[in-house]
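Form predicted alone, single chain, as structure tokens, below.
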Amino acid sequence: MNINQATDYAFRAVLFLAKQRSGKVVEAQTIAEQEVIPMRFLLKIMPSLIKAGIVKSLRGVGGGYFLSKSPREITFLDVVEAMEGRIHINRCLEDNGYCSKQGAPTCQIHRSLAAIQANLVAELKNHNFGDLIN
């Protein structure tokens, strides 16, 4: 399992915005340059972060991006889910119908993977961007 490149860039963009004073609007070009994110990728990921309620944008002169809430309120899980959707380390954890054995509720592997997934989600939820700037 890998976090994709867009999610890695999203982490960097959110952290950069978290380091700014509250409400400061930052141009896309500045974020791209400071975080070494290709502009085309940045412009592709920002709408996902906006839709997830992590970032807000202002258009026009003086426009750009800023965090929609405190860095402490934004978890790693928020960013991963904004970019990649809900975490499912195996397709049977997404929908029991994917189990070709038709045994998801009683399957020992399913139960073990579900526990691993729950731990991963909890750990991602436990880390926030406020922790990285203090």
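Small disclaimer: the values here were computed from a predicted structure and weren't measured. Throughout, we count residues from 1 along the sequence that is shown.
Another form, the form predicted together with the DNA, is not on view; read the next lines as being about it.
Visitor: Is residue 58 close enough to the DNA in the predicted complex to count, meaning some heavy atom within 4.5 Å?
Guide: Residue-level check for residue 58: yes, a contact with the DNA.
Visitor: Does any heavy atom of residue 27 come within 4.5 Å of a heavy atom of the DNA in the predicted complex?
Guide: Contact with the DNA, yes.
Visitor: Can you work out whether residue 16 and the DNA are in contact in the predicted complex, taking contact to mean some heavy atom pair no more than 4.5 Å apart?
Guide: Residue 16 lies outside the contact set for the DNA.
Visitor: Closest heavy atom of residue 63 to the DNA in the predicted complex, within 4.5 Å or not?
Guide: Output for residue 63 is yes: heavy atoms within 4.5 Å of the DNA.
Visitor: Within 14-51, which residues come within 4.5 Å of the DNA in the predicted complex, counting heavy atoms only?
Guide: Heavy-atom contacts to the DNA in the predicted complex: 26, 27, 28, 38, 40, 41, 43, 44, 47, 50, 51.
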